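Read the single chain below, which is given as structure tokens and is the form predicted alone.
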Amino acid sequence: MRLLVVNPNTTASMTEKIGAAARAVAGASTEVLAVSPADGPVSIEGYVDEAFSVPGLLAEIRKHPADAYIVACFDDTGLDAARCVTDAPVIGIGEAAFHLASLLAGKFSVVTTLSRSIPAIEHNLLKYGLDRRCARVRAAEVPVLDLEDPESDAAGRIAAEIERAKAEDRCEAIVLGCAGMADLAAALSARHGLPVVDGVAAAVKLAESLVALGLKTSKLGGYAAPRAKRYDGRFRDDAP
């Protein structure tokens, strides 16, 4: 099967890291293609960045036929819209990580990058019906692009926030709240003695399962294909 992993921001090094994390857990017969749009924000940190990244995300999905698609932004940026433009399964890494954490622990905490991302994550937990399983959404106050800088103290800040989550939230598992943290999960799990769930890996395994089961995205309601219409201005080429 072929999985397309779309990093909705434009930072190529992060896309490469995400692709490597996806391939590390993919089955031997699974081809993983990791891409990012040519236009959009270099990182997604808040609602405005999310909005500007969606056209590029949808364009990449339309451009690359695949058996399943993964939206590799923890805010699940554009996930509902992406499910409208294809009948193949589309998995958001945030939703995937929440569901897997709920299978491993009674309560989990999320450790994300910046505080401004907390409301969007809390909104998604409520939308997915998993807010009761989440003890707390925390921020390590690490800008997304610092995860790409080996000289930064990003990993240390994330580790410290996990220690606080264990002590204060009494959580039993941690969900890493950014695709750029994918390469940290195994080491953090070993260091802190609890499951640490990376959304990229979680999404890959869920996508493979849905494809293997022959399941598609329902088109009976809100995920129906968009109606044909003219899209004016700079986004006219993205029209269905």
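Note that this is a predicted model, so its numbers are computed, not measured. Throughout, we count residues from 1 along the sequence that is shown.
Not on display, but discussed next: the form predicted together with another copy of the chain.
**Student:** Flag this candidate site as yes only if Pro150, Glu163 and Leu188 all have a heavy atom within 4.5 Å of another copy of the chain in the predicted bound form; otherwise mark no.
**Tutor:** Not one of the three qualifies.
**Student:** For Glu172, is any heavy atom within 4.5 Å of another copy of the chain in the predicted bound form, or not?
**Tutor:** Because a heavy atom of Glu172 falls inside 4.5 Å of another copy of the chain in the predicted bound form, the answer is yes.
**Student:** Consider Thr217 of the chain shown here, and say whether it contacts another copy of the chain in the predicted bound form, taking contact as heavy atoms within 4.5 Å.
**Tutor:** Yes, contact at 4.5 Å.
**Student:** At 4.5 Å between heavy atoms, is Lys205 in contact with another copy of the chain in the predicted bound form?
**Tutor:** Judged by the heavy-atom cut-off of 4.5 Å, Lys205 is in contact with another copy of the chain in the predicted bound form.
**Student:** If you check in the predicted bound form, is Gly156 within 4.5 Å of another copy of the chain, heavy atoms only?
**Tutor:** Heavy-atom contact with another copy of the chain at 4.5 Å: absent for Gly156.
**Student:** Which residues within 182-220 place at least one heavy atom within 4.5 Å of another copy of the chain in the predicted bound form?
**Tutor:** Residues within 4.5 Å: Gly193, Leu194, Pro195, Val196, Val197, Ala201, Ala202, Lys205, Leu206, Ser209, Leu210, Ala212, Leu213, Leu215, Lys216, Thr217, Ser218, Leu220.
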